[in-house]
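For reference, the chain that follows is the form predicted on its own, supplied as structure tokens.
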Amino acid sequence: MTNPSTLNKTRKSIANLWSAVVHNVSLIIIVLFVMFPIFWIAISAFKLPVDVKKPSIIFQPTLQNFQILFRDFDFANLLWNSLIICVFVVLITLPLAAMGAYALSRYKIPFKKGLLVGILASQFFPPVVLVLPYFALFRRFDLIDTIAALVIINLTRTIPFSIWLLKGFMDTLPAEVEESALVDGCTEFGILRHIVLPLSIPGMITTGIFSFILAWNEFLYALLLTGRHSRTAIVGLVNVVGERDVPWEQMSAAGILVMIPMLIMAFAIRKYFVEGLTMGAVK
């Protein structure tokens, strides 16, 4: 006769096994669903025009599509423009957002909640509504088709977002350390510089990544307010489309070039990125 406890253990083991199988199979399906478009774009970038519309992974690889992008579409300059814009945006956003987030996190400011809502509400306006005012303003100061114009526009998007993100992170930092530093004679700016910012490195890196991605992927303003001198890679990606046909192999190559910088950056600092997200989400 079978022991009831042994039977229960067997049933639990079978249930755990099925649960693990379902969990792993679900993860595999999700990963395949997410990664397949990237995989298909990656292989399409190396296909000839005669092969790109064929549903096959067997083909003769070529670098012709990348050569066309750099030769006919000046993609090296477009990537350089995007990189310059993103670097300046991140370098300006981080210190300004850190000071704003620290003030909102530590100081008793009148109407603080209303101010936070106002900072967030500034992002509610559709970009197309602001194009005309920006165009008139930049034309007045002779900033149309310049890197500076795109940096300014992206700062209006990244700074409010970064303040909210960093405030949530700084709220988790222990205030006792800062109070001890004040007792020892440290100034408030010294506390921010020597205590808060070093402790906030994961959050700063996370904020920098999001700011970089926002600036890199910005399309509407870069399309309407730039010309030959300051056009970005995202706009160049759209310009690859022909008048009569869509060269999917060149579009795929351009897509890979646009994705590579973000993938490299995210992979290089993935440890701090995950830590910054998790620490800033829990008080």
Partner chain sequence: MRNSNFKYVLLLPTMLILVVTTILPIFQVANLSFQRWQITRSLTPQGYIGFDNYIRAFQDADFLNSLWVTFAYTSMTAFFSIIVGVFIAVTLQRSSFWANIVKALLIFPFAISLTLRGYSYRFMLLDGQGIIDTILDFFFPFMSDVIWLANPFWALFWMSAALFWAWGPLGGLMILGALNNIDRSIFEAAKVDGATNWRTFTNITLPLLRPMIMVVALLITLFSSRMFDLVLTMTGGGPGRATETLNYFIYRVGFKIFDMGYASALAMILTIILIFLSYLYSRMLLD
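In this text the structure is predicted, and so the values were computed from the model without any measurement. Residue numbers count along the first chain shown, from 1.
We do not show the form predicted in complex with the partner chain, though everything after this point is about it.
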property	result
The partner chain in the predicted complex reached by all of 108, 121 and 182, non-hydrogen atom within 4.5 Å	yes
Partner proximity in the predicted complex: residue 53 to the partner chain, non-hydrogen atom cutoff 4.5 Å	yes
Residue 103: touches the partner chain in the predicted complex, heavy atom cutoff 4.5 angstroms	yes
Residue 62: touches the partner chain in the predicted complex, heavy atom cutoff 4.5 angstroms	no
Contact flag, residue 172 vs the partner chain in the predicted complex, heavy atom cut 4.5 Å	no
Contacts with the partner chain in the predicted complex - residues in 249 to 265 whose heavy atoms fall within 4.5 Å	251, 252, 255, 258, 259, 262, 263
